[in-house]
Each structure stands twice: as structure tokens, then as C-alpha cells.
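Consider the single chain below, provided in C-alpha cells and representing the form predicted on its own.
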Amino acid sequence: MQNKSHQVRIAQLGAYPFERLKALFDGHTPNPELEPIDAGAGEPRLPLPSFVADTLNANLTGFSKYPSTVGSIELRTAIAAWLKQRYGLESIDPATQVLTANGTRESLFAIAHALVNPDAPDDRRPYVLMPNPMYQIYLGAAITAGAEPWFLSCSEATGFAPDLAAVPEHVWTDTALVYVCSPSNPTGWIADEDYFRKLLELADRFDFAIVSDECYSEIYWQQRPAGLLEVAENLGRTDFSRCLVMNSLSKRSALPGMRSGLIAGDAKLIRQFTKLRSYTGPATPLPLQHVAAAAWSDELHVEQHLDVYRASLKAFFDVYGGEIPSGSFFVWLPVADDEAFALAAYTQQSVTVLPGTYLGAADQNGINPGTGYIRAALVDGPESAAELARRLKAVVI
């Protein structure tokens, strides 16, 4: 009998990284003599900004109303104002060039379903290009949208930049969408203006969209990262054609539980995405939209958080040694065997880190560039970061 409920594309998905980590740890226990350090998840653990509780309490009646999937005009106006202030944009229309997201995870996933043709013939399936290693949502989005994933290797040889030069022309010809992550999760690489310019030239030549995941834009060691919309406008692309940017309050404002982010850029792509989201898009509750508007309008807490992240990075590398990454709060550390190291860190030092293999995929040459690295998140402040470094140095495999 035919299995009418079998979803082929879902069946193609591998286990999510944290499910793989759970399986790795199954049957093992952390060192009971040490206080656990969870450096596996990128979950900021900083104090709530002072305005959160007051703003939420002042708008509790909003829970009695349905929120719009596009977001309130007040929130979209606050987001547009932040984009102009942060990137020096002359203009961005909150009504046609900005959407809100219930966190960027869902929007990064859903955008592939809005921009990929699932009915293309099998021999011309659209490609979705993504960095490798990566935030695994990109890969899941490509597979479930019916696209062919193509991996842009991010290795030490390329300075961890996704390697555009290695993509064959026939792949570019059939590319529908390219994901960029800057600052990078997990490597900390930051795209410069020249990188974005090259990508925009390719987008014009081969007719594809660029989705720039900029969730770590406000966490950097020295140089403030450029943004895709900023580079586009500097090139005279004031309509931001082919460009979409996604960002979030999860990292910027240390509000991961609020599930609030932004989508901004090309009005044509925004319209197409809005149509899909009118059916599928989860909406952020109105009281939380008021908190989000306050967060996008306040820079003091962002500056305070950046000070903590910089202090944490310095504290870690003062102990561990090595070069501080350009962006994000992750450290991407080479090890002999990433799975063995992660298990040993757990059992010997009561530390949770993520094997790099779980964040990558075997590329066109059968190579997973995440293998031989571990990712650790510095999200608990400088004292914890220094202690994490001491424990990781003590791991024996």
C-alpha cells in the first residue's frame, strides 16, 4: 500500500545539531565535581534591558488582539529608523520594505519557500547556496523548498569566507538564492564591502536573490560590520533590488525568548514573502511588538552588551591563546577529533560545546569543513569565559 503520509523532503533532513549532541552524550555523565558550563547554545545570558518590564506591563491589553503577520507600523517604523541610523541609509520605507519576524529562524527558513520554484524540472532544480559550516536552518530550508543545496566552503584557506570563486558557472546559472551570514555563525568571519559588491554583481548577472543573515551585526571585536543594504545603497541600488536582510533582537538585545526580528530590503521580494507569510507566518504578540520597538530604539543596552562580549572574548583568549575572531560571540577552535573532544569536555570538565561536524555538511567533494573544530559560545560573561578556556585546555582525548 502506498504510504500517503510519507514526506520525502522531511525524510531527507538530518538530525538537528543539538539532537546529535544529545545522542553523543547519551549514557555519559558530566564531571559531578565541577559546576556545568553550557557553551553549546548561542543563547545570551545577560540581564534584561531596563525598559523591557515597564514597556510590557504598559501594553498588556494587546494580548486580547490578533497581531498582523507583517507587524505593526509602529514597530516597522522603529526598525526602519534603526536601519537608517545603523547603516547610514538615506531612506527605507517601513510600509513596503520592512517586515517583522517571529525571530529570524522562521523567516530564514520560510524565505526559501517564497523564492524557489519547486516545480522546476529535476535536471534544472534551482540551487540554494549557503556557507559551510552554517546555521543549519539554511540547509533545511533548501531541502524542504525543493532546491539543490550548494555548499560554499569556509575554511582556513579562504580566511573562513564562503568561497564564491569555487562555484561553477552552471551552478550560478540555476541559482535562486544565496544565504550569507555576517558576522558568521560559527566562524566569526565578517563580510567586507568588497565581498558584498562581488555577490551583488553575480546576482545581477545570474538573476538570484541574496539573503543576508546579520543577526550578530552588533557583536564584533573591532570593526563594526558592514551590512548588505548599506553596500547596496552605496552602489546606487536605492531600491535594494535582489537584497533581503534579516536581523534579530535575540543577539543584539539579549532577548532570545521574545522571538522578534526584522526582514528588510527589496519591496518586490517583500511583497512575495508577505503573501506566503499571510498563510504561514507566525505573528509576534502586540505587547512584545511594543517591547521590540523600544529595543530597536535604544542603543545604550547594546553598547553595554558589546562591552561584556568584548571582555569575554579577551578573557577567553588571554587564557586559551589564539586569535580573537572578528565577530559574533562564538569561538571556533581547531581540535584533533571534534566529537571525541566534545564528549571528553562533557565527561571530564562538565562543559558542553558543539562539534563542528554537526554544523557543516559534506560538500561537493565529500569534505565537511566543520570537521576538526568545536564551537563554544561566550554568553555568560568574562569570568565564565576565562574558566571555560581553562577547562577546554585541560581536556584530554
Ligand SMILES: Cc1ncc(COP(=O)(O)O)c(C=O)c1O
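All residue numbers are counted from 1 along the displayed sequence. Remember, it's a predicted structure, so these values are computed and weren't measured experimentally.
Below, we refer to the form predicted in complex with this ligand, which is not included among the displayed structures.
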Q. Of these, Thr104, Thr284, Ser253, Gln97, which has a heavy atom no more than 4.5 Å from this ligand in the predicted bound form?
A. Thr104
Q: Identify which of Leu228, Leu108, Ala78, Ala191 has a heavy atom within 4.5 Å of this ligand in the predicted bound form; exactly one of them does.
A: Leu108
(Q) Tell me which stretch of 276 to 284, 317 to 325, 153 to 161, 244 to 252 has a heavy atom within 4.5 angstroms of this ligand in the predicted bound form. (A) 244 to 252
Q: May I ask whether Arg125, Thr175 and Leu202 all come within 4.5 angstroms of this ligand in the predicted bound form, judged by heavy atoms?
A: no
Q) Can Tyr220 be called a contact residue for this ligand in the predicted bound form at 4.5 Å between heavy atoms? A) no
Q: Could you confirm whether Asn185 comes within 4.5 Å of this ligand in the predicted bound form, counting heavy atoms only?
A: yes
Q.
Taking this ligand as it sits in the predicted bound form, is Arg259 near enough to touch it, meaning that at least one heavy atom pair lies within 4.5 angstroms?
A. yes
Q.
Against this ligand in the predicted bound form, would Tyr135 count as a contact residue? Criterion: heavy atoms within 4.5 Å.
A. yes
(Q) Under the 4.5 Å heavy atom criterion, name the residues of 181 to 214 that approach this ligand in the predicted bound form, in sequence order. (A) Cys181, Asn185, Asp213
